[in-house]
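A single chain, nothing else alongside it, follows as structure tokens in the form predicted on its own.
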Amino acid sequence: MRVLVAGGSGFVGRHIARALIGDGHEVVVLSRDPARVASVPELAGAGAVRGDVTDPASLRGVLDGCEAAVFAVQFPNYPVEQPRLGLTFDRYDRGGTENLLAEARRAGVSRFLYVSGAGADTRSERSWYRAKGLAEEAVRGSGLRWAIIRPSWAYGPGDKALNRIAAIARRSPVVPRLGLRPQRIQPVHVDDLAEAVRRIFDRDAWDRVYEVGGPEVLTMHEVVATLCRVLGLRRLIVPVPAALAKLATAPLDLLPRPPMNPAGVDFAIQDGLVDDSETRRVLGLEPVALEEGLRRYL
């Protein structure tokens, strides 16, 4: 099957593309910079086409000859929104999904898979939950065969969040952790997330929402402690109050690409719990525990 992967050069998208290529699919990566695709090891064997999901005119013809599309786009500087630059969840997740869906219908594409996130909800006050919920709504109402993946906190080679913590742990005796309350997440290795997508295609298991998380519900303190244990390091993990972190990061909004800002703090301390019963029942997926997943690449 010829499959276009929008956002295929990003952290999640490249692993999805690799899983589909390994299963014999012809993969074409949609990218604002197609030349970059050839430099990504996971995308060996993939084609590339230029396009921007926020620009409908640039999408004309990119899906011609494709039978399916996967939307795994993350905006530049994700997850720190910059509304003045148009870098928002609404513009990319909601608007971008609607634009690619419109082109998919024009091109006669029959299947569309959207990588959403745990907690997606059209009524949420949080921009990321709301935008992803609206994107899901558009996908379900598209008239195409569809699938929605809602991962918990994805980690693995190339992710920005956990690898940033690992870099701090390697050079500092103290590792900060955002937030005072116990944050509950189910870390899922990105290869398991990609495997879920592969199995949807392989088993023709469409028209469902699949929530994907690791087998453990962990606090962020436990995640960082596991990371340090895998690295063979003894570190003091210090919680940083969210209010203090927001105060400290507010001036960073003035930078062209702030590494964090107050809204980003809210994003970083959210829970990420999922109900993966449908994923296990239909796809037979058994994700690896965090410690095993970390040992695979650290």
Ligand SMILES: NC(=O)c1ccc[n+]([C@@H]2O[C@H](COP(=O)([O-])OP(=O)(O)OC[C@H]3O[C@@H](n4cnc5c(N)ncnc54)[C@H](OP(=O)(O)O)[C@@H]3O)[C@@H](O)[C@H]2O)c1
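Bear in mind that the values here come from a model prediction, so they are computed numbers and not experimental data. Numbers follow the displayed sequence, beginning with 1.
A second form of this protein, the form predicted in complex with this ligand, is not displayed here; the remarks below concern that form.
> Report yes if any heavy atom of Lys246 sits within 4.5 Å of a heavy atom of this ligand in the predicted bound form; otherwise report no.
No.
> Might Arg32 be said to contact this ligand in the predicted bound form, defining contact as any heavy atom within 4.5 Å?
Yes - in the predicted bound form, heavy atoms of Arg32 and this ligand come within 4.5 Å of each other.
> How about Ala72 - does it come within 4.5 Å of this ligand in the predicted bound form, if we only consider non-hydrogen atoms?
Output for Ala72 is yes: heavy atoms within 4.5 Å of this ligand.
> With heavy atoms only and a cut-off of 4.5 Å, decide whether Arg235 touches this ligand in the predicted bound form.
No, Arg235 is distant from the partner.
> What stretch, of 221-229, 170-178, 112-120, 200-208, brings heavy atoms to within 4.5 Å of this ligand in the predicted bound form?
Going by heavy atoms within 4.5 Å, the stretch is 112-120.
> Select from 1-22 the residues with a non-hydrogen atom within 4.5 Å of this ligand in the predicted bound form and write them out in sequence order.
Result: Gly7, Gly8, Ser9, Gly10, Phe11, Val12, Gly13.
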